[in-house]
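Only one chain is included here, represented as structure tokens and corresponding to the form predicted alone.
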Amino acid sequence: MTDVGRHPRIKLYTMSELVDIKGYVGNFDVKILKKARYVDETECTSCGDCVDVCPVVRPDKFNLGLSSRKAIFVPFPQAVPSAYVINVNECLGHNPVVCAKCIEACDKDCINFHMSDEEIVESVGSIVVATGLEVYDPTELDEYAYTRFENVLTSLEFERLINAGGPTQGELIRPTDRKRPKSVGFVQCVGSRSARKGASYCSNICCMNTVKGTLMLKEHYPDMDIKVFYIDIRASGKGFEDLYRRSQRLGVHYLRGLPGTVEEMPDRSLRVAVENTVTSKLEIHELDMLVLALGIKPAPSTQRLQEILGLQLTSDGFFLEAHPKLQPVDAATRGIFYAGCAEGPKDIKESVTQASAAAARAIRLMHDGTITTEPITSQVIPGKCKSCGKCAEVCPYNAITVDVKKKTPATVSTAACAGCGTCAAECPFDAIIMNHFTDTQIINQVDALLEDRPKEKILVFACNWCSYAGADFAGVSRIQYPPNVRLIRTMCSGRVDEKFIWDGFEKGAPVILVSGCHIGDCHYIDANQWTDKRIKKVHKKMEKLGIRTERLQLEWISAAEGVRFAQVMQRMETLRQDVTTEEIAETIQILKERKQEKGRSKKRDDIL
């Protein structure tokens, strides 16, 4: 942090909040709210004279309430900038008549209660999201009695107690009597790997954090009795297994099983009941202190950032990368990268590694000074655009802007557009051209594939990144599927316009399949969700027209699911054989009459 603060080409905004982000890769406009600290950080020398005279005492949040601080304080040791800040909600100095002791004590005249929050706009080329994490709140797990007994601590509170810079200078003491405990227990997976309360995923760092804590205790207090209650120890990192074995050799007892109840004895010690799953017996352990190894949750700002930047989240609430293997630090939105626990639970080593990778990706992107894009982008025809705003609503990258009130035609930012084609498929006025995947090109493919013996063919619209790749995987794996499948490749299932489906049925297709990435794994953030909505609308129209809805299928197939692709095609072939020539002819007639009626309606509208 000190190096960052001193670097001439790095601007460090502390006590700041991200308000909004506009633009696209290479041209992001970031709006930042810098909150007033009421101390001039450039002049403050951290002499501490103001702290000595401040009468307000509050719990220190950095030490989790285990120590106190004044209303004017340094947020944490080694903070950058090394300057004091005033919490105005606690300070008595809003009105100098009430209290102005810090102002009088400051020889540098650094304190200014007239400071106000400042809004700053920075233009940047790329963004690294490193939002950190939040620990699980164990208060809902009443069986561990965290809120009832003072000698039940969280792993963070324990960490501050054994830290040399903590409230006790590294001396481990019990909160109740401030004496050194003779026995300490650790409970693993608090808030992790639980379907009942907390998160179902593993928080990754808890096991080794506990192992490290036991080693430190044994080094300082060799006679201390230490027990670890666990489901299983996950020591998968480099050298982690050696640390675990070393902890065992030093006399730490590892018991497989989590406590069911915690009771407090008259001397404030704890009585812990545990079912040892190795011996299948109920064991009672008396401990002076119990430490809860807390799991990790996504940072509170994750949801807000996801909305601002148009990013994806996993089911666990962390950010979803563009590709777990090929692009592990890239967001689906170009120019945005992830570092640390923003993407998932990580230890320090993994966080540093990913931060280096994110920095390298950002440098690679910006090194040339210009950004090249794929030619597969959207283009608005101004004469057809009615400024309805539907395209801007469905664009997952916020690449389209339209002023609905002023009725100005929509505009597409080519650099931000990723080429999914959802806007072109959703536009009710055919005012958007999808370059290289135009309506004419796709409809011509439909016509060519169904020109000869259409009843014998299965028409499939396949997403380039998943289902089309799944078909390719089935082919190279020599997996057999019906040879009458005819694929039309689109960049995304979101590009499949309703009129492509109607045109396919009108040309005699017995069945049509629209396939794409699984929900939540879309290459274009959430474009396939619009596909799902569109297919449901087409199904409703088919019901009104008297066309069997089973003839239009929607399937999610990933690039690795070659076997699933073949199985789906077998099912489609069975469905095709069930469609009679008379049913196809009736469908063609219905759709022709529908088209004629639409043509007459359009003429009447033009005349009016």
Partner chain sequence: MMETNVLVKEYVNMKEEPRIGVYVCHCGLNIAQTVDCEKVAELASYLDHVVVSKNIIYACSEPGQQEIKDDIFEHGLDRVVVASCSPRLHEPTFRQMLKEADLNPYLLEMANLREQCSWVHIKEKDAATEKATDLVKMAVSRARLLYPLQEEKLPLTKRALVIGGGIAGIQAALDLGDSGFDVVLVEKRPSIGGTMAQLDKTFPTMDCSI
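All of these numbers come straight from a predicted model, not from anything done at the bench. Positions refer to the first chain, counted from 1.
There is also a form predicted in complex with its partner chain; it is not shown, and the following applies to it.
**Student:** Kindly indicate whether Trp502, Gly520 and Leu575 are, all three, within 4.5 angstroms of its partner chain in the model of the complex, using heavy atoms.
**Tutor:** Per the other structure, none of Trp502, Gly520 and Leu575 touch its partner chain.
**Student:** What is the one choice in Arg178, Arg453, Arg148, Lys108 with a heavy atom within 4.5 Å of its partner chain in the model of the complex?
**Tutor:** If I apply the 4.5 Å criterion carefully, the residue I get is Arg453.
**Student:** Ala199, Cys427, Val184, Val129: which sits within 4.5 Å of its partner chain in the model of the complex by any heavy atom?
**Tutor:** In short, Val129.
**Student:** Applying a 4.5 Å heavy atom distance criterion, does Asn464 contact its partner chain in the model of the complex?
**Tutor:** Yes, Asn464 lies within 4.5 Å of its partner chain in the model of the complex.
**Student:** Indicate whether its partner chain has at least one heavy atom within 4.5 Å of a heavy atom of Asp232 in the model of the complex.
**Tutor:** Asp232 lies outside the contact set for its partner chain.
**Student:** Should Thr372 be classed as touching its partner chain in the model of the complex when contacts are defined as heavy atoms within 4.5 Å?
**Tutor:** Thr372 belongs to the contact set for its partner chain.
**Student:** So, in the model of the complex, is Leu591 in contact with its partner chain at a 4.5 angstroms heavy atom limit?
**Tutor:** Output for Leu591 is no: heavy atoms all beyond 4.5 Å of its partner chain.
**Student:** If we take heavy atoms and a 4.5 Å cut-off, which stretch out of 259-267, 528-536, 207-215, 284-292 is in contact with its partner chain in the model of the complex?
**Tutor:** After filtering at 4.5 Å, what remains is 207-215.
**Student:** In sequence order, which positions of 571-599 have a non-hydrogen atom within 4.5 Å of its partner chain in the model of the complex?
**Tutor:** The stretch does not touch the partner at all.
**Student:** If the C-alpha spacing of Asn464 and Ala322 moves by 3 Å or more in the model of the complex, is that a move closer or farther apart?
**Tutor:** Closer: Asn464 and Ala322 approach by 3 Å or more in the model of the complex.
**Student:** With a change of at least 3 Å, which way does the C-alpha separation between Val25 and Arg489 go in the model of the complex: closer or farther?
**Tutor:** Note: Cα gap between Val25 and Arg489 shrinks in the model of the complex.
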